[in-house]
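In structure tokens, the next block holds one chain alone, the form predicted alone.
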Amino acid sequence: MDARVDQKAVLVARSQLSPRCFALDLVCPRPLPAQPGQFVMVGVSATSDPLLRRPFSVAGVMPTENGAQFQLLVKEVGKVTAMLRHLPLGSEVGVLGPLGRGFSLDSCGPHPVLVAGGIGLPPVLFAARQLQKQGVSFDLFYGAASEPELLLRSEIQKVVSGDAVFCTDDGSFGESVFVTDLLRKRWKSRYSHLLACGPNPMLHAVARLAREKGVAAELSLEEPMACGVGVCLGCVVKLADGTYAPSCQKGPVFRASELAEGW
């Protein structure tokens, strides 16, 4: 049965995380049974401007008496994200979800490794929160362009049961290195599974490293989406068998082995 619901959510808290990134906490009256890697389509206006909803990965969900409280991490990049940044507390937004396919946490084995790049943190953080609840030991690598873009470091350190490793492109925090190069440098033979989300160049490098190490990898892709339900076909990616699939419906989490090289 399709668990997705179109409902109104109330903005109850907003916190600034960096000059361009912020966290939103919202409460909805009905359950939101999202899994790490799934997303919601958010509409901020009752008018036709903006016309389309925008996709946001869920960073965490906590059931309430009748519904749920959930968190989104947002980077201001355009009109809708700017509207969300200035939306008054108590305002309602439309939320359709949960949508898509998430991570297979039950198949992670005894010691997975999680990798996030930039604003690709939300599904990885959600997975980390769930793995902590399940008592699974894991490491987490997180890279960003600069220190201000390394979001929620203290929260990550509290959640991660193993090593929490940070790096920046400019060396303003941690090593001055791409997160995939740091992962290669500190790779542990005990890693049983790899979960990742970030920009495509990072995900391509993660997929190559996983193949080299013989470890299964799941990648949460950040493809542009217009509808979020597989109708418009604006987010298709190429699969290893030569066919194409909408990432909003068959993903956004794909096994690396499912994807064509370079997809």
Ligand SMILES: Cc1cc2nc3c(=O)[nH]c(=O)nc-3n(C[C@H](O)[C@H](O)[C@H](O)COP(=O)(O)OP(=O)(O)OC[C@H]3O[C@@H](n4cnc5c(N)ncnc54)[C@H](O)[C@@H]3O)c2cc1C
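In case it trips you up, residue 1 is the first one in the sequence shown, and so on. Note that the structure is predicted; figures quoted are calculated from it, not measured.
We do not show the form predicted together with the ligand, though everything after this point is about it.
- Residues F56, V77 and E222 are all found to lie within 4.5 Å of the ligand in the model of the complex, as judged by heavy atom distances.
- Note on contacts: among P122, P112, G102, G97, the single residue with a heavy atom within 4.5 Å of the ligand in the model of the complex is P122.
- Residue in contact with the ligand in the model of the complex (any heavy atom within 4.5 Å), chosen from L73, A128, A144, L183: L73.
- Of the candidate stretches 61-69, 201-209, 28-36, 214-222, only 214-222 contains residues with a heavy atom within 4.5 Å of the ligand in the model of the complex.
- Within 4.5 Å of some heavy atom of the ligand in the model of the complex lies at least one heavy atom of T81.
- Contact annotation for 247-263: a single residue, P252, has a non-hydrogen atom within 4.5 angstroms of the ligand in the model of the complex.
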